[in-house]
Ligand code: URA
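As structure tokens, one chain now follows by itself in the form predicted alone.
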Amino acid sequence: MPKDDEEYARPARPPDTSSLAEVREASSECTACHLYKRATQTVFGEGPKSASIMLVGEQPGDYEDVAGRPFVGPAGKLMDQALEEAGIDRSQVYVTNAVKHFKWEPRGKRRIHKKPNSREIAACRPWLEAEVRIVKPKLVVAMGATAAQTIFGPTFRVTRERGKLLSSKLAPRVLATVHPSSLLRQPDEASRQREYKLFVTDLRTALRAASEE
């Protein structure tokens, strides 16, 4: 017998439309995997349909689950700061996650992030595919291992391919970098500053690539 109903995860079925609003509305009813049962709501991507850059993270966290918007917590604020320093206007990029529901486990009164598994990622992938199909970004920035492996497969390693312009079946041009939450987990301020600067450098590379004709 399966341990829980994650064994029954099945791919989502976004509507065949060019409207982000319609796909977002459909995603709010998604039950393709069990994560919807404990999440407050679906956290779909946001940003202009004409965005040349799409930023893809792992999944919404506690702040995002409550707000219903991606990257509004501490990692999102750090990402916004890095985007600004790299010369990128967040309002002009499309921001989303590979998984649209918050996966968590209780720790006292807190809800602690838990990494989504391959079934949950596969079940949610059609939503990301729909976003890429509709927005048609010139460049996708995969932030962190989950986002990168969603795009390139489970053997992909950000540490080996970071900052390189790559191609994939999902999007013709992809750049992999770290997730901004990893900057918050650095052991000391010197490490955080060093990793932050590298993150900004990756974002500048993304901006240059997306600006090329």
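All residue numbers refer to positions in the sequence shown, first residue = 1. Here the structure is a predicted model, which is why all the values come from computation and not from measurement.
One more form of this protein exists, namely the form predicted in complex with the named molecule; it is left out here, but the text below deals with it.
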Among 28 to 36, 50 to 58, 170 to 178, 155 to 163, the stretch whose residues bring a heavy atom within 4.5 Å of the named molecule in the predicted complex is 50 to 58
How about residue 127 - does it come within 4.5 Å of the named molecule in the predicted complex, if we only consider non-hydrogen atoms? no
Is it the case that residue 70, even though its partner is missing from this view, gets within 4.5 Å of the named molecule in the predicted complex, heavy atoms only? yes
When the named molecule is considered in the predicted complex, the residues of 78 to 111 having a heavy atom within 4.5 Å of it are 97
